[in-house]
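Next comes just one chain, in structure tokens: the form predicted on its own.
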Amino acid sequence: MSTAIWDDYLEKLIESWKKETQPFRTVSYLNRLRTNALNRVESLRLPTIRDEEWRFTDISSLRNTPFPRASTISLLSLDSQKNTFLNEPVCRLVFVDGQYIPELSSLVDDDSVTVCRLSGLANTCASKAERHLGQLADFQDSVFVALNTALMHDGVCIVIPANVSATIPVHVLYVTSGKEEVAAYPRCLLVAESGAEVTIVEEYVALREGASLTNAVTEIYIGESARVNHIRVQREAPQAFHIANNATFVAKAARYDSVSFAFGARISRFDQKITLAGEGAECQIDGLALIAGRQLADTHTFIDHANPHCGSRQLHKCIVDESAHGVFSGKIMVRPHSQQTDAKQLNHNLLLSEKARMDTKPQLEIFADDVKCAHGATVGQLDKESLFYLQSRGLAEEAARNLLTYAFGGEIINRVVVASLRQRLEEYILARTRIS
């Protein structure tokens, strides 16, 4: 161990979790992976604003609370969860304070979706996990991915068999009870084999206000000609820390559609890496952050065009009110041999107060000459001419501002394909945009 770089906070965190984290009983591969990640943590440190990738996001306050693992989990009533369950039939997996709750979950009976907990991998899931888990989300240079891998206690592996179209969405619901200041390290691996199709909803909610830490890692492997629609919703408590990493591998002629929403947490950071690894692979990733008070929402994306004839589209929007701070950093890389690339990236931001702040950094790195790439960003306030037009048609100023603010975010909400979730998000945005 190199004491020169060993972080005191990480040392105390690891020591406290070692006492409670038990080895996986039947899966030696997971134990080896966790050990390797633990060794890597000992060579890393928490990022600071001196690090370029974190210069706008100060997480030093994270050191003030140790955030232990939840010791016991009480079974929540189904009534308390009605506002988070989807109305459609779904394959539902519920985790409370990082631990799987089978009584609240609902699995499918057919062969369209195979679900296994990491603590009990078997057959198909075991082989897929060994091939992909920890391979897509690299923990060598990310302390939070390394921590998640070292401390993961309960996670899930989801497999969609080849040429199977899952008829119902897969809803992975992570609930923070708020009873105590605890940490959760959710881990999810989704494997869509060749020709498969699936919609997955990844949702983070809090039952009550209170400080907590969520350090989540999601890995998605999309086989040839497969399609994955990924919806991610983060609406944790206003005092929470939420740090998440998503790594997606898109094979030849496959497609990945992603919509992410950041509404909650005092400090949230979402890192999304997509590798278009096969010829003809495509992706569209959209996002919306709606923050107020002293919230900070930081989104970093990296789209890697690693093969020719690939296409990507990205639209990320932020609505920032009061003294909140939004951050967007998006990078598109086109490798030297990735000719006929078609990529477009846009970031639009709406500031609703004089103290609201937005830092945006769209980037293109192009090493091929036969490409079509574009990127851009805007930061502004509500359009005065549009406000005047609505007021001239009889709307009060407040109603006009609310309508324009909702319309700004509504474009992203319309990308949600699950009807009940889309309606819930519409109602949430409407409630949040009723500005006084």
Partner chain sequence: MINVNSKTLLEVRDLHATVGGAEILKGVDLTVKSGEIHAIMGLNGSGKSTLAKVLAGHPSYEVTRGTLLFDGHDLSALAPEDRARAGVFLAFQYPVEIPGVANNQFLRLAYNTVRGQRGEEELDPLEFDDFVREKMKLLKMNPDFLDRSVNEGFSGGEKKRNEILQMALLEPRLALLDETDSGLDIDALRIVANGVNQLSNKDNALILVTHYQRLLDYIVPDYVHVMEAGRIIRTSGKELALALEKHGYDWIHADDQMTEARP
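Residue numbers count along the first chain shown, from 1. These numbers were taken from a predicted model, which means no experiment stands behind them.
What comes next is about the form predicted together with the partner chain, which is not displayed.
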* the partner chain contact at residue 50 in the model of the complex, heavy atom, 4.5 Å -> no
* Indicate whether the partner chain has at least one heavy atom within 4.5 Å of a heavy atom of residue 392 in the model of the complex. => yes
* Asked: Wondering, does residue 397 line up within 4.5 Å of the partner chain in the model of the complex on heavy atoms?
  -> yes
* Proximity of residue 386 to the partner chain in the model of the complex, heavy atoms at 4.5 Å -> yes
* With the partner removed from view, which of 401-409, 61-69, 41-49, 28-36 is the stretch that lies within 4.5 Å of the partner chain in the model of the complex, judged by heavy atom distances? -> 401-409
